[in-house]
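Below sits a lone chain in structure tokens, taken as the form predicted on its own.
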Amino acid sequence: MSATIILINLASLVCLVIALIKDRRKAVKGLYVAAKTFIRILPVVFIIIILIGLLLGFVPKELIARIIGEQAGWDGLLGVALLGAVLHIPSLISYPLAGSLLQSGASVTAVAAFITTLTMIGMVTFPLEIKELGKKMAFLRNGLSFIVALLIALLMGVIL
């Protein structure tokens, strides 16, 4: 087990103990809400895991590397960034998918673009953003988020 996993779980456990000490009723209520949410998203998680398995099982690594690998260039980067902007999957699921894509030959830059646009841009929630923020602000927020996501991806590619 990696040190990061141990550290994250230990920090979570410490926070849970602190919450239980501070206000046991609120902590238990929070755990109940978390368990209900987990059960509610579980079918989606299973479906996405199956789809990822099928994708990685039927799509050759060479094709993944050609489309979003190092040699894909700007077309691959923009394509995967747009895909991340359009998809609506939980971030929790996107990380294993990102790891699988990296193992299949995708570039760090492309995977960083995918994860960043997935979490920063909300095409599914765009109508709600227009309603709450106004059309101009919604377009501005999503447009700037897309540009920032590409910059983050490019920086990740340079750093790693």
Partner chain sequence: MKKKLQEEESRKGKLRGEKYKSEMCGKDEARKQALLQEKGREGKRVENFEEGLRQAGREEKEKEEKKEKRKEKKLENSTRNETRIGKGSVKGKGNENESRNRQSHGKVREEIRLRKNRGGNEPLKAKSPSSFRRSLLRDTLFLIIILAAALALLTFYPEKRSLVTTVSWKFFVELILILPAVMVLMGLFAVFVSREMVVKYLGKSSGVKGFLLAIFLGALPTGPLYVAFPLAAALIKKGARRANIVIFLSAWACIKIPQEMVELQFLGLKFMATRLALIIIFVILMGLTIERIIDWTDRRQVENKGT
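Bear in mind that the values here come from a model prediction, so they are computed numbers and not experimental data. By rigid core we mean the largest C-alpha set that fits within 1.5 Å across both forms. Positions refer to the first chain, counted from 1.
The same protein also has a form predicted in complex with its partner chain, omitted here; what follows describes it.
Contact annotation: K26 falls within 4.5 Å of its partner chain in the model of the complex, judged by heavy atom distances. Contact between E132 and its partner chain in the model of the complex is found at the 4.5 Å heavy atom cutoff.
Although the partner is absent from this view, K36 contacts its partner chain in the model of the complex, with a non-hydrogen atom inside 4.5 angstroms. Proximity of I64 to its partner chain in the model of the complex: non-hydrogen atoms within 4.5 Å are absent; the residue sits far from the partner.
Residues of 38 to 77 that come within 4.5 Å of its partner chain in the model of the complex, judged by any heavy atom, are F38, I39, R40, I41, P43, V44, V45, F46, I47, I49, I50, L51, I52, G53, L54, L56, G57, F58 in sequence order. After superposition on the rigid core, the Cα of V45 moves by 2 Å or more between this form and the one not shown.
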